[in-house]
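Below you will find one chain, with nothing else, as structure tokens; this is the form predicted on its own, and questions on how it binds or moves follow later.
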Amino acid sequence: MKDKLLVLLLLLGSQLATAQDLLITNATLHTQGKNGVIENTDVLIKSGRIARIAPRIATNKMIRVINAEGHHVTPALFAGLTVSGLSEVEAVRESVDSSYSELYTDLMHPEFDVRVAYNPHSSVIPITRVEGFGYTLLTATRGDRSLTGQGGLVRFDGGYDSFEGGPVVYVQTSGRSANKVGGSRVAHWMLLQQAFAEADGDQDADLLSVRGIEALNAAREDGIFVFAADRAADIMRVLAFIEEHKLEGVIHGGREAWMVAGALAEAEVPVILNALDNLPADFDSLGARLDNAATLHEAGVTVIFSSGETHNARKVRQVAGNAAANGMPHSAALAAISTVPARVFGGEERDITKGSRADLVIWSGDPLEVTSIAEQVIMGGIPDSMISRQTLLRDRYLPENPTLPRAYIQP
């Protein structure tokens, strides 16, 4: 029992250790910057940041060395829009903090900031981290309001204050969510226009509290608004709303975004999508197609990938690989799950250059291939233990060289 407790304590505290000098040798480095891919190179890490990139960097006994053996090294990846650290077991209400519904105030609450409930010790985080993911965008999920709340970027380094960038406000505009506001997406736009008018002081506050007005205006000043929209017509309406209110906006969903790629590029509005969406899920996405991401990229639209899942966020690599298989350049697909999300949402730069934070992953093969695995994750210059609840269960229930069929094996 003591041994198990020690393992759990090490797991929880692994990311709180002090960074020491570290040298990665013989790497195929995806810098995600102007230097592209550099083969047979070394990376020296000091105080949690990249100090030098060069072939055959000299070392000494004080520096830990990890030989990448020619394998791919990338920035730690983006897990997409998730509720990691906010939802442990969806069926257990007290472990879910990502949304609100039927709140007694009967108001919209853009000040509902899920970051205050973030739990860095959630079992979901090491499970996702050992798969090669270093950060996510915490999401206020669909509730019963057009403005569902706000979140932001967070690193998977085990810290309580590992947040980056400014506030990100989530807005519902789709037909799927319209039943919460009167059964029509028209009601979304009606209520949103009123909420913004209240924030401007143009009419009495009936939808927002004083704190809600402050939060909405603060986000308009230095935050980003993520609009859930799949239908091309809805996306065009979002673009008009963004222009009218001078917002920094992002489309989330975008299954028909390829239809209005030119308008999105002109407005410089990024799109977060799942490149595995190729069939109509509803009447909002009749135009879904596999080359959506490639078409948007070719038109000059900034693309980010998200799988739409928290407990299986690892599937984002498959999403990006699917986009590459359907015409998106490999480098752009990798950027869409590494450097681009941080850049869009105001986080630290994720490219591998001198001075960058040392959040890195050594892969067994091409990171966009589903058969590749993360061999070593490094967060802030600290090699991860590569232990999670799933690896502990695997090691317990999957014995090596069993002499009897599985049904006879005792744990």
Partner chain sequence: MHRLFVALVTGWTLAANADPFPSTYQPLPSSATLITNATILTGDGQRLDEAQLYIEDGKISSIGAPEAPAEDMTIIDAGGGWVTPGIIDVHSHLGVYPSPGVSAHSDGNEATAPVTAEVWAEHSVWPQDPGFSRALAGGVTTMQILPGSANLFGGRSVTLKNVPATSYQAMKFPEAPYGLKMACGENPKRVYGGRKQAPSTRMGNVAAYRASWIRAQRYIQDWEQYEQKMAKQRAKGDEDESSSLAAALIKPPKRDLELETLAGVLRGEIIVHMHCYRADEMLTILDMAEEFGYQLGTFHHGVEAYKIADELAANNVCGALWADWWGFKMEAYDGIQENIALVDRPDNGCAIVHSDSDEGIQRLNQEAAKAMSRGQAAGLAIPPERAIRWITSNAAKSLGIESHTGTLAPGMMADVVIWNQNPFSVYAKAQQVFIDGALVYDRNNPALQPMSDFELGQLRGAGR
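Keep in mind the model is a prediction, meaning the values are calculated, not measured. Numbering follows the first chain given and starts at 1.
The discussion below concerns the form predicted in complex with the partner chain, not included here.
For the three marked residues, Y104, V116 and E266, no heavy atom of any sits within 4.5 Å of the partner chain in the predicted complex.
Across the options 69 to 77, 307 to 315, 166 to 174, 215 to 223, residues that bring heavy atoms within 4.5 Å of the partner chain in the predicted complex belong to 307 to 315. When contacts are judged by a 4.5 Å heavy atom cut-off, E131 counts as touching the partner chain in the predicted complex. Not displayed here, the partner chain is approached by N326 to within 4.5 Å at the level of heavy atoms in the predicted complex. Using a 4.5 angstroms threshold between heavy atoms, E369 counts as touching the partner chain in the predicted complex. The closest non-hydrogen atom of W258 lies within 4.5 Å of the partner chain in the predicted complex. Scanning E243, D200, E90, D206 against the partner chain in the predicted complex with a 4.5 Å heavy atom cut-off leaves one residue, E90.
The listed set A332, V181, L239, L276 contains one residue whose heavy atoms approach the partner chain in the predicted complex to within 4.5 Å, identified as L276.
Contacts of stretch 216 to 252 with the partner chain in the predicted complex, defined by any heavy atom lying within 4.5 Å, are made by none of its residues.
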